[in-house]
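Take a look at this single chain in structure tokens; it is the form predicted on its own.
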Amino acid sequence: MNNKVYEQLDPNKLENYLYSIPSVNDYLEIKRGVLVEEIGDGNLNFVYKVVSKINKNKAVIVKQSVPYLRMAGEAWPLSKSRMRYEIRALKLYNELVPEFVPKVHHSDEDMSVIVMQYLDSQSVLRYGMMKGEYYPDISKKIGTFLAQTLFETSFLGMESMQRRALMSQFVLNDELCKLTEDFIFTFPYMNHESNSINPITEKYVENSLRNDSEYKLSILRHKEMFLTKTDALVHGDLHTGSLMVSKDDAYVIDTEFAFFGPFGFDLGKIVANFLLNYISHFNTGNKEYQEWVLCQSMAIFKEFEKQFLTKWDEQDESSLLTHGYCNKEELDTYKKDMMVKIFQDSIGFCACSLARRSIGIAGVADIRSIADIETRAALEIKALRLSKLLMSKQSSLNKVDELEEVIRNYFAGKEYPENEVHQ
């Protein structure tokens, strides 16, 4: 089907729309009835679960973008064309890492609609981690997804002309990139109406964050990196809320922010979300789970590096390198330097994410769901101070074990951001 006129779907219109798609119609047997339920957090899009009435085991997810930022309402216009980038990214991921993404049943860029596999045995990673649930090998799965997708779409994994053709499919995802520029790298570090700040936390923000020129300039350098680097196709919004998991598998969803950006961006964002969950469990007192979360967050870095270097070892020709240009010793030095740079960049992006999730428009339920504002403020300030510490240490950290030591010392009360005392 190829509709040329966009129409926003509601549950009644949706049934008729799906009926017009032969593959989906046959799968759900729509003539015999379907059940439509709106699901999702409603930040950007409408998301529906559609279940066959005669076979409850058959279901699909339908996602449609609307011409505004749903979390802010129609007063904040946003092009519905963002769905085309989600469709393109998800299709590409189905080619590169089909084990880590839902299957696409149908896509329609004109209607800004994608129909995909319903993950009936999976749940959102964030909410499982909030409950203290363990997921074996989750770090390995995340690290593998990142290594495979980033390498395969980078100047290390693709020939130049092929890669530029792929880049052209994502270059106009400008509005969602602008949201990232504003909400991760700009608004949280200034007085802006979009921020959502706990009044108790606000005093710390005014005194120790927004007046810290060195920290703000570090944020600005990462914004510059986000604006200028086109290393690989990044997911763009990878966090514990965009992972559907079970004990056995993990699926990455919500790819509408996909664009060509820095290697370290996704890596830093997902680790920040693990660290925010770690911080949230100071409220629950679950020290054993905190230890697991911290170990998993560090293991993501290690798995990514291992898998990324394995892919690189298997690659003979690429946009960047021509066989015979470097000898083994020269290439090994180049690889080592690049992996350190990616690691350091990811630490900086992690620091940015820790801050924006604590004081910006979109927090994390791990901490923002805590009703007592004093308890919540204490955790938010822990996250903000960790952000400052990581940003100040970023360029001196070359190995994951060194980062882990800094983080452990910080939470043990042995290390604080420069020019701060323990509060």
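Since the structure is predicted, the reported quantities are computational estimates derived from the model, not experimental observations. Numbering starts at 1 and runs along the sequence shown.
Not on display, but discussed next: the form predicted together with another copy of the chain.
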- request: Go through 153-161, 194-202, 107-115, 284-292 and give me the stretch that gets within 4.5 Å of another copy of the chain in the predicted bound form, heavy atoms only.
  value: 153-161
query: Does at least one non-hydrogen atom of Y334 fall within 4.5 angstroms of another copy of the chain in the predicted bound form?
result: yes
query: Can you check whether Q344 is within 4.5 Å of another copy of the chain in the predicted bound form, heavy atom basis?
result: no
query: So in the predicted bound form, does any heavy atom of R126 sit within 4.5 Å of another copy of the chain?
result: no
message: Residue-level question: is V340 within 4.5 Å of another copy of the chain in the predicted bound form, judged on heavy atoms?
response: no
Position in contact with another copy of the chain when the complex is considered in the predicted bound form, options T310, N207, S121, S168, heavy atoms within 4.5 Å: S168
query: Of the options R88, K80, K229, K140, which one has a non-hydrogen atom that comes within 4.5 Å of another copy of the chain in the predicted bound form?
result: K229
Site check E175, L220 and E330: each within 4.5 Å of another copy of the chain in the predicted bound form by heavy atom: yes
- prompt: So which bits of 317-335 sit within 4.5 Å of another copy of the chain in the predicted bound form, heavy atoms only?
  reply: S319, L320, L321, T322, H323, G324, Y325, C326, E330, T333, Y334
